[in-house]
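As structure tokens, one chain now follows by itself in the form predicted alone.
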Amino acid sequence: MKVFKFGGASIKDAAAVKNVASILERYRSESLVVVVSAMGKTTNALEAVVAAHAKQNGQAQGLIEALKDQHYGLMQELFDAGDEVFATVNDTFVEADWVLEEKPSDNYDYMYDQIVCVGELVSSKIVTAYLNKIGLRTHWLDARDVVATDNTYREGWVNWEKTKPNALKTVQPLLDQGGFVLTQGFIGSTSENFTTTLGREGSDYSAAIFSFCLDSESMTIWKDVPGVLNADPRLFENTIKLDRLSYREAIEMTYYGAQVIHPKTIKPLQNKSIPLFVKSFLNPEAPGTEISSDTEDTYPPIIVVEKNQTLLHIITNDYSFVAEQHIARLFADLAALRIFVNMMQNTAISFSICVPNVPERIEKFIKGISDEFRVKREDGLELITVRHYNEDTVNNLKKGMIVLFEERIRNTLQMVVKNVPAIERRAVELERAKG
């Protein structure tokens, strides 16, 4: 049994859905679990619906109607008029309409999950219906019947003790009937049957959950790139495709923000030695990248750029030294607000952290510690991480940049920078590391 994951770009329109079907046709006789994301930029559009409903600005219903029209237009290219899939999709959108008819919840994250999940539910029903239409037998499965989580909305933690037996009880009988099983990424369910999501871009993680629970032979992520590259091709020229990666190296890359794979994806696969393949849905015959054993290899410099970062310089109000008790207090508040620290630096009288710019969380954090600390804030920054760096690569990266602070540990360099106009598609020499 294998697990395939197709992201939003791979099913963004009717032609893309047909292309996915042509890929799956090659595996007609195999036992497959297929995990899909929402179509195209649907999640972004649903996030706008949630924000509008929270503000009660009268725009939420219009935004979701526009999203319905997009999906109906796509279905009209795939199905005959009157196909039951139109009613099925309409009923799914009604679930979001019910939320919008109520007053906004005081718990924004809870409300977010009950609305945004509609993207995956709709896309999975459309793709399932199309595969069955062309003769590829496919069973639709609600991932919420399998993936059990706690009550942490927008960042649900998986309850493995419940999820594994759920998978064996629910998925395996469908596979035994023949055909594919198709389900949603990104979503799970609490013990009270409320929908949770697993974090932005969490469909990769969903596929890893199914792979782990069902002891899959392999997992494949289908993307619009030829495999895992050593840098984002939208930012850098002369990128190199990595044919093989160890689990450890992949974990390091995703931890530092590489977008090609969700950060939580690798560990469940590593625990059962399940190989992960990253392949191109535009060129499905190409070999892609294999992520497997922990055998170390020589890698070229691997560059990860995280945009939209905020630097917080935290100083005690009484100018006393920043001691252990201060840092303990700060991290307790950061954890409570789920603010992830990407980089930190400590001096005698200040503590600096680089975090993703999530304004409402940062503002709550600053207000919450104002009794004891003053905070200087700097937005619009970038965090650049270089694995297996060499000095030529680092010097090229620094050209035209103001480096606010830098840290080197073993073979990893990180620096927070601003004013980086040259980074947009700038040619950077990405030489292979020597020795």
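Since we're looking at a predicted model, the values are computed, not measured. The numbering used is simple: start at 1 and walk along the sequence shown.
Omitted here: the form predicted in complex with adenosine-5'-diphosphate (ADP). The next part is about that form.
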Location of adenosine-5'-diphosphate (ADP) contact in the predicted bound form, chosen stretch of 169 to 177, 255 to 263, 148 to 156, 68 to 76 [non-hydrogen atom, 4.5 Å]
255 to 263
Counting only heavy atoms and a 4.5 Å cut-off, does adenosine-5'-diphosphate (ADP) in the predicted bound form sit next to every one of 5, 223 and 232?
yes
Applying a 4.5 Å heavy atom distance criterion, does residue 301 contact adenosine-5'-diphosphate (ADP) in the predicted bound form?
no
Check residue 14 for me: does it contact adenosine-5'-diphosphate (ADP) in the predicted bound form (non-hydrogen atoms, 4.5 angstroms)?
no
Could you tell me if residue 95 has a non-hydrogen atom within 4.5 Å of adenosine-5'-diphosphate (ADP) in the predicted bound form?
no
Applying a 4.5 Å heavy atom distance criterion, does residue 228 contact adenosine-5'-diphosphate (ADP) in the predicted bound form?
yes
Can you pick the one in 109, 290, 201, 83 that has a heavy atom within 4.5 Å of adenosine-5'-diphosphate (ADP) in the predicted bound form?
201
